[in-house]
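Consider the single chain below, provided in C-alpha cells and representing the form predicted on its own.
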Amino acid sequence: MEGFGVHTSMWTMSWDRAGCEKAVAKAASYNMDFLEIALLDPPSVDAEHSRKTLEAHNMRSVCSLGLPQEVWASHNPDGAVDFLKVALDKCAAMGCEALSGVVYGGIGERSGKPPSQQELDNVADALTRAAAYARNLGLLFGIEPVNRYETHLLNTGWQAVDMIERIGADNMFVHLDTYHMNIEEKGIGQGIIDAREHLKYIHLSESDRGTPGAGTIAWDEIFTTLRAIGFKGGLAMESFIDMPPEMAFGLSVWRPVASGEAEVMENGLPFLRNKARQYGLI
C-alpha cells in the first residue's frame, strides 16, 4: 500500500462496470500509484471485470467501506462479519491489497452516549473474526477513526490503536484521515504520533473535504510528522465531489466543496504531490 493514490469518489461512488472503467482510466491518466475503491455494495461487484480492468491499466488497489445500519458491529457482530466476509472475498478476487474504512460501524452511527463496553466488545469480536478471515485471504485489514459527528465509537488515532492492540491481529492497521484528525486530535500531528506503530494508510483530505491546499489543514505539520515517524504507507487523496444522497446524509455534505474534478485534480493533486516530495515521502 505504498505510494500516492486517489479515492474513487472523485469520479464515482458506484462500483459497477461503468464506474470501474471510468475511475481506473482516470486514475491511470493522472499517474496514480493506486486506486481506493468505495465498496459500498460488495455483492453486486463484478470482481473478474474489476481485476481485468485494474490489471489492464497496471493499477494497484485497496477497498474501503462503512457498514449498513442493519449490520453495525456494535449491535450485530455476526451480521457485520457476514457482510465483511463478502467484501473481503470481493477484494481478494479483484486483486486488492487491503480492506479498510469504517469497517467497525456505519457512517452516521451515533447513540448519543459514549460507547458502552458492550458495544466495544461487540466491535472487537467482529473485527477479530474479520481480521482472521482477511489474513487467510492474504489481505490487510484497516480501521479508520472518524469524527464525532459520524460515529461515537472510534474518533482518534489512540482509540484505533487501543482496538487493534486489544485484537492483536498482525494484519490489522490504522487508517487515518486528515479531515477527521483536524476535528478530533489535540494537534493534527498527534494522531500520527499516537498511531505510528500501526499506521499504514492516510487519507489526505482538506478541512472542507474539497480541494487540498485551499482550506485550513496544517499540511506542513502533517507531512513533517509523517517524515519523522518514517511513514512508508499509502497516501490517498480523498475529496468528495458528487455524493449520492445516502452518502451525503451520513457525511453531512450539503453543498459543493469544489467546482469539479478539474479543480481538485489540477490544483489539489499537484499541491499534495509537491508536499510529499518536499518531505521525501514519494
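Computed from a predicted model, the values in this text were never measured in an experiment. Start at 1 with the first residue shown and count on from there.
Unshown form predicted together with another copy of the chain; subsequent notes refer to it.
- Could you tell me which one of Asn58, Asn31, Thr216, Ser44 places a heavy atom within 4.5 Å of another copy of the chain in the predicted complex? Result of the distance check: Thr216.
- Could you work out which of Lys90, Lys200, Arg209, Arg129 is the residue within 4.5 angstroms of another copy of the chain in the predicted complex, going by heavy atoms? Exactly one listed residue reaches within 4.5 Å, namely Arg209.
- So which stretch, 22 to 30, 222 to 230, 61 to 69, 45 to 53, is the one near another copy of the chain in the predicted complex (non-hydrogen atoms, 4.5 Å)? Contact criterion met by 222 to 230 only.
- Wondering, does Ser100 line up within 4.5 Å of another copy of the chain in the predicted complex on heavy atoms? No.
- Query: Would Gly189 show up as a contact with another copy of the chain in the predicted complex if we use heavy atoms at 4.5 Å?
  - Reply: Although another copy of the chain is absent here, Gly189 would touch it in the predicted complex, with heavy atoms inside 4.5 Å.
- Even though another copy of the chain is not shown here, does Lys275 get within 4.5 Å of it in the predicted complex, heavy atoms only? Contact with another copy of the chain, yes.
- Any non-hydrogen atom of Ile183 within 4.5 angstroms of another copy of the chain in the predicted complex: Flag for Ile183 set to yes.
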